[in-house]
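The chain below stands alone, shown as structure tokens; this is the form predicted on its own.
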């Protein structure tokens, strides 16, 4: 109660007249935003530290300057996004999804798409590159939430209509698999399942979808032998460490050499050309070496607090409303990406190139992560969300 009074006094000092409940929610939104900014600050520090090479030059500062440039783009964009009401995002969700699908198509057009390390995932605009699959991480949940709250679909009891809800993933998944990027495809599939679960999709459908995806995933592994090599290498990490893939070896060595308190910011050795992708996919290993167990657990607790507070600011929304489905899906997706990155770095799952939100270097990922926070804040401010979707008898 005292916390609510403090928040209420602070709101009144700013000239806003809100009820105690609204004032408390405003305070929670500000705390959620503060946690996000702390993650952004940690990312700035680790991007600069992890970019140091064995032969320090002015070039290593380029990573930090570019990271700051993307922050300068992402922060104002996230602020603008947070000011727009949930009704705006519900109205425009199909158009944003179609636009992101068009961008995924353009990746495969000669002259527009850019191939890096054997993968064609980027669009180059002058000296800047953009990864459309990152944008799909926002537009797909919005599209799923739009479908699940569409009156015609909501009232339908047809099996085929409900099954047709997965069509957005069927549109974007082949385009991402062809890049090739199986990890992002599976990640988007998990995000879609979260949205369907929040929207009240019958549990029997989840079982059927899982059984259908198992042979599909096996087929993809056969078509792409290097994917199978990643799985066998991951198994070797736990069976015979000497036979483990080089990247996983260096990652675990980095984490182990940090001990309890780490060797200090900027003092790590493994990032000096020993640990591949030190400032992107494996930046968490650098955190472990330089900040030790204290740093890795601290970052993990920060993400737990971020997720917990995110759920709190969305708790007043009806379960089946557009804002609730989209907001919780985007929040869960962001935290799930961080968890998967940590699992890869610690050899808990097979290696996959997935960045750590806010902490890894990367333009598209950083901007999209910031926009995601803006969307969550936009949905959290919704005071009159749409009515809940009625629960079906066979859920």
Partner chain sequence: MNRTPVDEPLTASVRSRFLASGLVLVWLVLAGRLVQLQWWEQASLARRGEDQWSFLDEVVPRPGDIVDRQGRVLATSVRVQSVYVIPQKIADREAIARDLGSALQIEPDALLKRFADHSDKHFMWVKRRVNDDEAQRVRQLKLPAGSWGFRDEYLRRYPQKSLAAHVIGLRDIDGIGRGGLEESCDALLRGQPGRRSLIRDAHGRVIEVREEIEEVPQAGRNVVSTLDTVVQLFAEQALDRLMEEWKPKSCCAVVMDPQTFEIWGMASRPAFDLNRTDQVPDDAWNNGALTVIYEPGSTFKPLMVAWGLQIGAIRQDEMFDCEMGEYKMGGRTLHDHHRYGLLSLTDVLVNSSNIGMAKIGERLTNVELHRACAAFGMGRPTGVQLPGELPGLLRPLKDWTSYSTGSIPMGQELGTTPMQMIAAHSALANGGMLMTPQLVKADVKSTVRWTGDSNESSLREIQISSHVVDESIARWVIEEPMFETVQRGTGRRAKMSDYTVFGKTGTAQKFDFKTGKYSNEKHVSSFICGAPVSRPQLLVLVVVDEPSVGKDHYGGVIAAPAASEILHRSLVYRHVPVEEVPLRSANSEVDLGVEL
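Here the structure is a predicted model, which means the values were calculated and not measured. Residue numbers count along the first chain shown, from 1.
Beyond the structure shown, there is the form predicted in complex with its partner chain, which is absent from this document and is the topic of what follows.
Within 4.5 Å of its partner chain in the model of the complex, a heavy atom is found for not a single one of 44, 101 and 165. Proximity to its partner chain in the model of the complex, defined as a heavy atom within 4.5 Å, singles out one entry of 304, 116, 105, 84, which is 304.
Between its partner chain and the residues 347, 367, 26, 35, the one pair within 4.5 Å by heavy atoms in the model of the complex involves 347. In the model of the complex, its partner chain sits within 4.5 Å of a heavy atom belonging to residue 252.
The closest non-hydrogen atom of residue 94 lies beyond 4.5 Å of its partner chain in the model of the complex. Though the partner is left out of this view, residue 312 does not reach within 4.5 Å of its partner chain in the model of the complex, counting heavy atoms only. Remark: residue 68 does not count among the residues lining its partner chain in the model of the complex, judged by a heavy atom distance of 4.5 Å or less. Considering its partner chain in the model of the complex, the lone stretch of 134-142, 106-114, 178-186, 264-272 in range is 264-272 [heavy atom distance within 4.5 Å].
In the model of the complex, the residues of 321-349 lying within 4.5 Å of its partner chain by at least one heavy atom are, in order, 321, 322, 323, 328, 332, 335, 336, 338, 339, 342, 343, 346, 347, 348.
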